[in-house]
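Heads up, the chain shows up twice below as structure tokens, two forms, tagged structure 1 and structure 2.
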Structure 1
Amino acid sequence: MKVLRYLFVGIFFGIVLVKSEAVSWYRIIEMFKFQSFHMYGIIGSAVILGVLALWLMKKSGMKNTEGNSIHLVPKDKGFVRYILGGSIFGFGWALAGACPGPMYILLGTGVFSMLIVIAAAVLGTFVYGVLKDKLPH
């Protein structure tokens, strides 16, 4: 039953992203060319909502779905790793026209060329797993 809840939330999230045009290749290209505020508005709204949600979770002592306390582990500091990782993510996003969430949404809307992008993302994740111990973290 719990899986169905997550499935329905995922379907709702996909519908919202499709209707807001956040998965539109044209909107993403507009964003990377600094021609439109549309995607920056969506991303900015998500960041603000995320900050408020985290603040509310900390203040209220909210529990997860299993009833356990939510513990947020502080991230390692490091300017270069975030710039490098963000740049790789951004280049992949610009080349594919979709970031990880919308890849599956676009596949669900019938853009079957996303299978190539999903396969490349899985391959990249596998390669990272193989090289993880050799990379500076």
Structure 2
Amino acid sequence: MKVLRYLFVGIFFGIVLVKSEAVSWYRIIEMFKFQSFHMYGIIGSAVILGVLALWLMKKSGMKNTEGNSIHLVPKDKGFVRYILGGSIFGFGWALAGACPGPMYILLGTGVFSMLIVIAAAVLGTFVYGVLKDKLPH
């Protein structure tokens, strides 16, 4: 039942992000104002533990459920796309107070106006795809 395991991971992710308040617009603004450690604690502890977890999984020679070695596809080399694309994303993140994960989760919490944000995000992705070859990367 592969479908079920992804469904459960998604449900778990949704619950954690609501209970951590990371889906809150207010928490994002508070973070960008450096007025609370909360969001830095969440992201920081997730990353530190993540470094350790991935290192252990690779080091131990663990195989994934497909029978392959643990491996994350590395991102392409580059600078412009990351700094520029990242900044554009940051503008939207602070304005909507939501990144792509929370957008869906917030829909589940009953904020249906988030559908407009999601539709606009799909449009933004579409426009990027069309302009891709004309943009510096």
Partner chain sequence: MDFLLKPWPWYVSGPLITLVMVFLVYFGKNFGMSSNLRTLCSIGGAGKYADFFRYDWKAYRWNLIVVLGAVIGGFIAVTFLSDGSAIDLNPQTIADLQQLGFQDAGATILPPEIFDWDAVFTLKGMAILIGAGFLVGFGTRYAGGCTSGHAISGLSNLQWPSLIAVIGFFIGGLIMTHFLLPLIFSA
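For the two forms, the rigid core is made up of the largest set of C-alpha atoms that agree within 1.5 Å on superposition. Keep in mind it's a predicted model, so treat the numbers as computed, not measured. When a residue number appears, read it as a position in the sequence of structure 1, where counting begins at 1.
Asks: Two forms of the same chain here; which is the form predicted alone?
Replies: It is the first structure that is the form predicted alone.
Asks: Core aligned, does the CA of Met62 move at least 2 Å between structure 1 and structure 2?
Replies: Moves: yes, 2 Å or greater.
Asks: Rigid core fitted, is the C-alpha displacement of Ala94 between structure 1 and structure 2 2 Å or more?
Replies: It does not reach a 2 Å shift.
Asks: Note yes or no: does the Cα of Gly110 move by 2 Å or more between structure 1 and structure 2 after the core is superposed?
Replies: For Gly110, whose C-alpha is compared between structure 1 and structure 2 after core superposition, the shift is less than 2 Å.
Asks: For Val73, what C-alpha shift in Å results between structure 1 and structure 2 following superposition on the rigid core?
Replies: Its alpha carbon moves by 4.5 Å.
Asks: Once both forms share the same rigid core frame, by what distance in Å has the CA of Leu52 shifted between structure 1 and structure 2?
Replies: Displacement of the C-alpha, rigid core superposed: 2.4 Å.
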